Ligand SMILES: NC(=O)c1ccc[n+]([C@@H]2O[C@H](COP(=O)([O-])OP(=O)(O)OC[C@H]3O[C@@H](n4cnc5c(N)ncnc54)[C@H](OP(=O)(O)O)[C@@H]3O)[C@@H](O)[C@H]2O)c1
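Before any questions on how it binds or moves, here is one chain, the form predicted on its own, in C-alpha cells.
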C-alpha cells in the first residue's frame, strides 16, 4: 500500500484526501498530513481520522508519495526545508500553479521524480479534471501510478508542461467562473420574482443537465445552443443582451488575466 504525505492541508488537499479515502484508494492510516496550522491539522485529523505531524521533514520521511499542496509563494521555503530529505524511490507531486517541475528539481539533492498536476476542486466529489506533466526523472511506472491516483478523482489529461498555466486558467479557475455564473442566474431569478430556493434549484439543475448533455452527445456547443435558440424567440433576445454587455469578451479577459497571474507567481 502506498503511504501518502500531504505537505499543506488546505482546501485542495482536503478535496483530494476526501476523494481518495472515499474511493478506497487510501486508508486513513496510510496518510500523513503536515501544515503550519495546528488548528487545521486537528480539524482534518478529526474529520478523516488521519495521522498528522507538525514537521514537514517528518511527513516526508514516512511517505512513498508526497503531494506538495502549498501556495506557490511558499515553495522556496518548504522545498529548502525538505529538499535534502527526499529520496529517489519517492515521488513528489506538486499541485501549485505557476511552478515548473524544473524549478522544483532545483531544490532537490537527488534525482527525485517530480510530477506537476493541476486538479480542481470538484475532486471533492470525484469529478475533477486533472492536467498532468512530468519532470525529467519520471519513469513509466511512476507515470502509471500518478495517472491511477488522479483518475480516482475524475478525468485526467496529460499535457506539455509549457501549457499548464493556460490549462489551469480554465480548469483550475473554471469552477469559480461557473459558480459566479450560477450565482448570477439565481439572483436574476430572485429579481424576476422567484423564491431563492426555487431559483437555485432551477439554475443548478439546468447547469448540471447542460454539462451532461455536452459530454454525452459530444455535439458542438454551437449546435447545442442552436437547439435552444428559436428565430425571434426569448433565447436569442437574451443572447443579444449578453453579447451587448461583453459576455464573451469578459470570459476571454478573465482567462488571460488568470494566465498572466500564474506566470507572475
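Numbering follows the first chain given and starts at 1. Computed from a predicted model, the values in this text were never measured in an experiment.
The following text describes the form predicted together with the named molecule, which does not appear among the structures shown.
Peer 1: Just one of 202, 213, 236, 36 has a heavy atom within 4.5 angstroms of the named molecule in the model of the complex, so which one?
Peer 2: It is 36.
Peer 1: Counting only non-hydrogen atoms, choose the one of 136-144, 106-114, 157-165, 88-96 that falls within 4.5 Å of the named molecule in the model of the complex.
Peer 2: Of the options, only 88-96 has residues within 4.5 Å of the partner.
Peer 1: Counting only heavy atoms and a 4.5 Å cut-off, does the named molecule in the model of the complex sit next to every one of 20, 124 and 149?
Peer 2: Not a single listed residue reaches the named molecule in the model of the complex, so no.
Peer 1: With a cut-off of 4.5 Å between heavy atoms, is residue 100 one of the residues that contacts the named molecule in the model of the complex?
Peer 2: Answer no; every heavy atom of residue 100 is more than 4.5 Å from the named molecule in the model of the complex.
Peer 1: With the partner left out here, check for me: in the model of the complex, does some heavy atom of residue 153 sit within 4.5 Å of the named molecule?
Peer 2: No, no contact at 4.5 Å.
Peer 1: Classify residue 11 as contacting or not contacting the named molecule in the model of the complex by the rule of any non-hydrogen atom within 4.5 angstroms, answering yes or no.
Peer 2: Residue 11: contacts the named molecule in the model of the complex.
Peer 1: Does residue 72 make contact with the named molecule in the model of the complex, using a 4.5 Å heavy atom cut-off?
Peer 2: Because a heavy atom of residue 72 falls inside 4.5 Å of the named molecule in the model of the complex, the answer is yes.
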